[in-house]
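Here's a solo chain for you in structure tokens, the form predicted on its own.
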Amino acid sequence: MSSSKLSEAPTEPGVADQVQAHRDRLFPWVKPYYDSPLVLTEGEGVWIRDENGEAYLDFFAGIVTTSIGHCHPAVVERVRDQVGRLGHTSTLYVTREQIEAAGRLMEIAPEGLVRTAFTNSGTEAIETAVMAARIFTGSSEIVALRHAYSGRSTLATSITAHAPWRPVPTTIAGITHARSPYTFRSPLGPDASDEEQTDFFIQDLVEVIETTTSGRPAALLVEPVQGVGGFIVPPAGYLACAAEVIRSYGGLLIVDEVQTGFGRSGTHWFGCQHSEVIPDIMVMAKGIANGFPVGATMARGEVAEAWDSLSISTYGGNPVSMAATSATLDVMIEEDVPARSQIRGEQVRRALDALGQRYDWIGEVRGMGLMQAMELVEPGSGREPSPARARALLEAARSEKLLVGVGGLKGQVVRMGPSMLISEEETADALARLAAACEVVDRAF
């Protein structure tokens, strides 16, 4: 399907009623995409259907979460079996399902990460990681990066460095932010080498530690690729240097793999492995269970063992969610999703690079594996963000029956992260729809 202008999909009365009920009954921050929100009803693989029966190619996977596709049969079967046998116990009891899921993670995690705590979300996994680092080091100070996103609790919001995602001023002391290794917007300019960029951002990290902390921070929290920030990929060498710096001040390295984990960045299971970095603590969620609510925090043995006080997660390690986790990981291992993400990611990247050459409002194409993005700018301005074009492209892609995402501080980045089981043909279909949407946006402006 092609489109000659930006248009909204027709809205049936039943759909309009549901959208209005959503607005009336839920908090305003539960805010869907699009001027005329989609009401989704079913999905299979990379395809999803709305209330009107229209099929869409899902190229964003619920924010890189339906990692092996909607309603994967292996996950559906395992969950159906589990929910009929045992649905809930809390962490006060031992279940085979939780032990099995932890074992699956140990098989693929970086060496030395041997203890796991299951929670319900990435936010809770971040909370767990920060608490573990503070207990182990005896320090309370956390260094994070600008343009980072860590969740929606008070602590996670304070760590998040995006004003639109911080509804109130932070009230948590001891959290400070270094520069994001965001080379597209680096003061050094586009011609600086990776080595020069790394030196610049690492010098800033050192200065932040020495001037805004006691000099003994508990941890540095980093995403190997910043997700909400707009799939920001650091220069080569940055993560390894950052790990060395934080450890030299007695702190731990917490790596947030909520979006980069489980093969999505290509070639390796986790984003930090591209830099041959082994974290002290690693945080996971999203794609770990193909959409079921699971967060996980893994740590070195001595870090985990330092936390011996009482704590509980009522739904953490829930048998149904653990069954979904194990089933998802089994499929990922069988299908070798790191390799698949690398191959399909290269296919996506070639097409995006071609679009970047064609349109002067695509300022940068970047990403790793099946995390690919286009940062949109005002033509002739150099690097002035163009959130209006990003919103227009989101709507135009929807008209082409393609679902993509947005990100970036100003909402100027269009993000793509489909199921890692997407086929070559489905990827080509998605890219053709995206190209048509870009043509619509180009004419509209």
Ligand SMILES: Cc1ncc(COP(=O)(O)O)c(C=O)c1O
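Sequential numbering from 1, following the sequence displayed. It should be emphasised that the depicted structure is a prediction, and the values quoted were computed from it without experimental measurement.
Omitted from view is the form predicted in complex with this ligand, to which the following refers.
- Under a 4.5 angstroms non-hydrogen atom cutoff, this ligand in the predicted bound form has Glu223 among its neighbouring residues.
- The closest heavy atom approach of Pro217 to this ligand in the predicted bound form falls outside 4.5 Å.
- For Lys286, a non-hydrogen atom is located within 4.5 Å of this ligand in the predicted bound form, even though that partner is not displayed.
- In the predicted bound form, this ligand lies farther than 4.5 Å from every heavy atom of Gln342.
- Only one of Val258, Val233, Ile281, Ala117 lies close to this ligand in the predicted bound form, with a heavy atom inside 4.5 Å, and it is Val258.
- For the residues Gly122, Gly369, Gly317, Gly271, the 4.5 Å heavy atom test against this ligand in the predicted bound form is passed only by Gly122.
- Partner contact region in the predicted bound form: 146-154, out of 309-317, 146-154, 194-202, 243-251, criterion any non-hydrogen atom within 4.5 Å of this ligand.
- Residues are counted as partner-facing when one of their heavy atoms sits within 4.5 Å of this ligand in the predicted bound form; in 365-384 not one qualifies.
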